[in-house]
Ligand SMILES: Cc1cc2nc3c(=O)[nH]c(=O)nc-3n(C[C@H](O)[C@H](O)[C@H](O)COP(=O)(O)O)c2cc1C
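One chain is shown next in structure tokens, namely the form predicted on its own.
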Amino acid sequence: MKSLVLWSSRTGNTKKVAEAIYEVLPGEKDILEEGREKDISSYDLIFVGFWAFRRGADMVARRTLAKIEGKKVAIYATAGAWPDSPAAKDYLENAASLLPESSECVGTWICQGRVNSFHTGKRNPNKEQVHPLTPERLERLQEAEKHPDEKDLDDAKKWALEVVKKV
């Protein structure tokens, strides 16, 4: 089987996860930042990774997902949200819904990741209107700063190998 690992990263989180996944994949494989042109016709399995944005994938990943025809696709992400939250579920489901009907989503996975400073209000003059920094949100963002950690990367590797077995 020939696999391709794609990633889009704003803070480096998703790139770390992509590299962990790539490391454990058997057989022929390639890794590439999304948005770069690549002929994907020879790949049997494509991993698409993104940073969470507005209840789905970032814009580069959205365009990538919408163009993958006739492939088995595994979707992974990093987000400031708790991995078991409704928001995390939305990110993955909304991303998977972008795949053309000819493609199949064969698995999804998400972990927390450091949030870009724009979202924590450091550069956002309207922070209280857009993203009020409640005590709960502050706790979540502080925890997100610690991820992806070694456990997250190990979990990503295990997930990727399970996807390969399933395919």
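Predicted, not measured: the structure shown is a model, and the values here were computed from it. Residue positions are given as counts along the sequence shown, with the first one as 1.
There is another form of the same protein, the form predicted together with this ligand; it is not shown, and what comes next is about it.
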Looking at this ligand in the predicted complex, do all three of N13, R54 and V115 come within 4.5 Å of it through at least one heavy atom? yes
Can you pick the stretch from 97 to 105, 46 to 54, 65 to 73, 25 to 33 whose heavy atoms fall within 4.5 Å of this ligand in the predicted complex? 46 to 54
State yes or no: in the predicted complex, is some non-hydrogen atom of L92 no more than 4.5 angstroms from a non-hydrogen atom of this ligand? no
Is there a heavy atom of S3 lying 4.5 Å or less from a heavy atom of this ligand in the predicted complex? no
Out of 76 to 104, which residues reach within 4.5 Å of this ligand in the predicted complex, heavy atoms considered? T78, A79, G80, A81, Y91
